[in-house]
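One chain is shown next in structure tokens, namely the form predicted alone.
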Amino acid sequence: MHRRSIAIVTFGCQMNDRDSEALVGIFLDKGYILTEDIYQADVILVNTCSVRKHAEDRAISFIGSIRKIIEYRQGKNNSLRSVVGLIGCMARSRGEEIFKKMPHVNLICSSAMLYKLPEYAEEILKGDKDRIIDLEDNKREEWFYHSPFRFDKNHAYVVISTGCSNYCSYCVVPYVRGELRLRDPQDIIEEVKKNISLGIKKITLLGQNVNDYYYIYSDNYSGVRILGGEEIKDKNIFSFVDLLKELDKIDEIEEIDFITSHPKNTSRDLFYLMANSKKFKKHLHLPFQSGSDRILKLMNRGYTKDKYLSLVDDFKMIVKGTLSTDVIVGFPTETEDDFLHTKDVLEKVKFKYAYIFKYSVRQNTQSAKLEDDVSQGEKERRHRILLELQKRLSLSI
């Protein structure tokens, strides 16, 4: 009996890596086998990212190349059906457009509805439907994370929230992944314990902004919640720091880290916890994006340059660890003076590493309404200056 096979190609961030991993696990539970040979795969899924134009362009190019694979398979067996699925962020941002431009794609599914993919794939493979598109934005079913399959046998990603409600003006995430949705802390803790049972003792928690994790129990909450065998009382609230404290109690965990933190709600309480536990990596990824207060306000970031630098001082004093960051150059109306403020932050903080990007317009975002008035040549010049600066700083650390 022929066992159907699945191949998955992932573009973008660690969140997509975890989504792909969980998705493969569900297909394996349905009897599929995982293959790296996409010429042999019955189901080819491309998990996409829309945060940067470059990521979208790479995904589009790859999806276009799959057409030759489908023609190859049909040339060997004209009755052989295949599923080519575009999933993740680009499903929401491009939708029907993909069907029109790439007729070999027959399945499009948003990030929130990935758990439906095995069902949709079967419908297409059996010939019940030729094409399926599902762009719903619902809360993800918890069982999506239950499969024991892991790509990495030594390290695990654990999602604590999906989506984002910060609406930074340049960011497409709220539009392609939806509003912020938090997983129940007990479910997160159980997934961590599942990883430990698999021999995985290094954990990275994932969220668009982990500090937005602020779980509020329902109105019928009794005032006592059992977590990790202990009672948590008062207020019906469970914060990100509360979650970390519970994980810190699990003896078998060797290392915990998390991405990403937003400067506007990163706390000293978090720093003290990181400093006082041997389990937390003494490193923090803290994007500042721009050193210009004017540009930060246009970006809707919720802090100033001075507030960011004060937060960095607190981290270095309390945790005594290293920092990394994200930076955008060439945001609409960015002047040379704005750029020099950004350069100044890099020089003052001395990040261990930095991801430096040239601004690109993202559909539906607030900044898309602004004129993209910094020339490509100027974006490249500023990008090059910061890359060279960061290279020198990284070597000095």
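All residue numbers are counted from 1 along the displayed sequence. Everything numeric in this text was worked out from a predicted model, so none of it was measured.
We do not show the form predicted together with a small molecule, though everything after this point is about it.
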With the partner omitted here, the residue among F351, Y359, F27, F339 that in the predicted complex has a heavy atom within 4.5 Å of the small molecule is Y359
Contact with the small molecule in the predicted complex, heavy atom within 4.5 Å, among R52, R58, R67, K343 goes to R52
For the chain shown here without its partner, which stretch in 122-130, 307-315, 186-194, 285-293 has non-hydrogen atoms within 4.5 angstroms of the small molecule in the predicted complex? 285-293
Interface membership of T162, the small molecule in the predicted complex, 4.5 Å heavy atom rule: no
Partner contact for Y213 in the predicted complex: the small molecule, 4.5 angstroms, heavy atom: no
I'd like to know whether C171 contacts the small molecule in the predicted complex, with contact meaning heavy atoms within 4.5 angstroms. yes
According to a 4.5 angstroms non-hydrogen atom cut-off, is D326 in contact with the small molecule in the predicted complex? yes
